[in-house]
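Only one chain is included here, represented as structure tokens and corresponding to the form predicted on its own.
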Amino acid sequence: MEIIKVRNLVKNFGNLEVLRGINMDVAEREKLVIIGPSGSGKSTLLRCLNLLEEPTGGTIEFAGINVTDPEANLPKIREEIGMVFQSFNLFPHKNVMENITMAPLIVKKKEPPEAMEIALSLLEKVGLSDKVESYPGELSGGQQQRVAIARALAMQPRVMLFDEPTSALDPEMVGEVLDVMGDLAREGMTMVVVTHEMKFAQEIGDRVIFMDEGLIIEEGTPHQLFAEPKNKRTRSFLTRVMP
């Protein structure tokens, strides 16, 4: 069953057409990976899914609700769509525990003991149980990104969006973040991932979309897209980025 339905999605920034009529579905428990060159509209598409960017045209449905309807309860919808950004976006003046429990306490009105219990279990999941009282500035980039993942999961979302979560990391830290994402995928989390990590796309994705110039050029299983791409633009891109 589809949890996200995108129909004829258009996004313009002034005269610049960034998304030019995107149609896309995401099934529950599906791991959808979006690849493509920089400037192809991948991150804008992701940010439209929870209306961090307001679409110029078209509709987006989440769990049967039209999120592009002006009457839609956006704060409530966003509770169910976790997002991890490339730049971590942690609060630098709050420690790890405070970063993770802040939204559950304020938005979900959780009691502090329950919020802390959830945070501790998530820190264990991402391998950072010993960093409860650390501040973001005391952590490596990979550790900060793992805290950001735990923070998004603390809201117990139905879908996780990842916007190039490893692109700001040193190469040796990329693996630790991808390992956490791989664990999430194997547990059945619905995920939409924009990434340049082709090996991750091949191993974790149920379906891969290739975007270029604001359009979905090709989509298929990882094998179809990486081993047997049909479109010459897909082939050209993969030739440049694959080892």
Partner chain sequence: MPNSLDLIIQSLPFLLTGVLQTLKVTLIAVAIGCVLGLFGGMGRLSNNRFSRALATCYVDFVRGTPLLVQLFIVYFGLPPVIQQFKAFLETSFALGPFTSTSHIPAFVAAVVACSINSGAYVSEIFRAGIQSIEKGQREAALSLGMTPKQAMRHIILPQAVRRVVPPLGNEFIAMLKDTSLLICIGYAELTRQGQLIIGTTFRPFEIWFAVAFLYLIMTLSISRLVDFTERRLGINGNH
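Positions refer to the first chain, counted from 1. Quantities reported herein were computed from a predicted structural model and do not represent experimental measurements.
What comes next is about the form predicted in complex with its partner chain, which is not displayed.
Undergrad: Among S167, S121, S140, N89, which has at least one heavy atom within 4.5 Å of its partner chain in the predicted bound form?
TA: Checked against the cut-off, the match is N89.
Undergrad: Could you spot which one of A27, L52, L215, I65 gets a heavy atom to within 4.5 Å of its partner chain in the predicted bound form?
TA: If I apply the 4.5 Å criterion carefully, the residue I get is L52.
Undergrad: Answer with yes or no whether A72 is in contact with its partner chain in the predicted bound form, where contact means some heavy atom within 4.5 Å.
TA: So A72 does not count as contacting its partner chain.
Undergrad: Is there a heavy atom of V96 lying 4.5 Å or less from a heavy atom of its partner chain in the predicted bound form?
TA: V96 lies outside the contact set for its partner chain.
Undergrad: Although the partner isn't part of this model, could you tell me whether M173 comes within 4.5 Å of its partner chain in the predicted bound form, counting any heavy atom of the residue?
TA: No.
Undergrad: According to a 4.5 angstroms non-hydrogen atom cut-off, is R78 in contact with its partner chain in the predicted bound form?
TA: Yes, contact at 4.5 Å.
Undergrad: Is its partner chain in the predicted bound form close enough to M83, M102 and V107 that every residue in that trio has a heavy atom within 4.5 angstroms of it?
TA: The answer is yes; M83, M102 and V107 each reach its partner chain.
Undergrad: Using a 4.5 Å heavy atom cut-off, indicate which stretch of 201-209, 43-51, 175-183, 29-37 touches its partner chain in the predicted bound form.
TA: Careful reading of the contacts points to 43-51.
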